[in-house]
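Take a look at this single chain in structure tokens; it is the form predicted alone.
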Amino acid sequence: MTITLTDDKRKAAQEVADTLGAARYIVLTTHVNPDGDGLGSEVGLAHLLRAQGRTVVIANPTPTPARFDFLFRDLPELDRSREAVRAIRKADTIVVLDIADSTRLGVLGAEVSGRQVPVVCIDHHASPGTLPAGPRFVDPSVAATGELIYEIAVANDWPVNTSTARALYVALMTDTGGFRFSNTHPRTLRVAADLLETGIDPESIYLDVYATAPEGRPRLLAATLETLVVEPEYGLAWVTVPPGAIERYGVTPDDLDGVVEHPRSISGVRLAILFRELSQGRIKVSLRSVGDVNVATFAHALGGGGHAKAAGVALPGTMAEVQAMILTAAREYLSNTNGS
């Protein structure tokens, strides 16, 4: 293990371990539509806790995307998301990963808030949080929540086996865009190197995550890119998921992963946006940026959140109403020379 921890971080990591060590039934959960970081962090922590003799399950508000099913091969009974409410109600300790706001837990938000048990938060987003009281291990400077799980293991001298390493490598790989995004720091690569030292195969992990797409995924991509609009005078580009396209192509929202990177890749674009209809009259707005544009600040002003280069928000209204509001705000935002 090549990384070192500050005294404050080591103390916070040990406080998390003490809380989990006193628990009888631990439930791990993350945000709706879980991604590689949320799931990888959950599975990695589950392996670490089970090695310590703890009883732990995963209960998420929405199902695991099929491309991440391989994470559960070693522990097929670990994912209890289909009975998530029942699992939450049974827990005497809850760990919320990759978010700090209870609203991102969807239908589980009220259940978690009402349990009156310790709620541990492990997250790498810049947010004050709205979760119930409990130990916090939060650091917005790291690339992924999976990196924080590795730090907890280091702080408590927990061995990291290949199953744990595979899950945490997925967390790092997906949240850094295959170690291409600006959140890839030297420390990120040191953690990845430590994980690779356990003997995991990076090519097989890549194939599991990125090379198992259903036919509908590229068709969804093609249909969405047909809607591309670029405003070079602002450095702004956006795409819109056509109504009913997800159902028509037999895919899931997870199959939109990476689509917004295409408008971001256009020369001169500083802010890229993807618009998608949700249920109950809400629109999901995914934001990606280049250079000095901070989309976390932009999203926070609208009630959303995320990172400087990747953020999002869900807003009520019709597609036309939300697009008009967001695009007007984005043009004004980008008119500032530093995007602040």
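Here the structure is a predicted model, which is why all the values come from computation and not from measurement. Residue numbers run from 1 along the displayed sequence.
We do not show the form predicted together with guanosine-5'-monophosphate (5GP), though everything after this point is about it.
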Next on the checklist: To test your reading of this chain, name the stretch in 58-66, 44-52, 22-30, 301-309 whose heavy atoms come within 4.5 Å of guanosine-5'-monophosphate (5GP) in the predicted bound form.
Outcome noted: 301-309
Checklist entry - So in the predicted bound form, does Ile273 come within 4.5 Å of guanosine-5'-monophosphate (5GP), heavy atom to heavy atom? => result no
Next on the checklist: Contact with guanosine-5'-monophosphate (5GP) in the predicted bound form for Arg104, defined as at least one heavy atom pair within 4.5 Å: yes or no?
Outcome noted: yes
Checklist entry - Arg217: heavy atom within 4.5 Å of guanosine-5'-monophosphate (5GP) in the predicted bound form? => result no
Next on the checklist: I'd like to know if Ser286 sits close to guanosine-5'-monophosphate (5GP) in the predicted bound form, meaning any non-hydrogen atom pair within 4.5 angstroms.
Outcome noted: yes
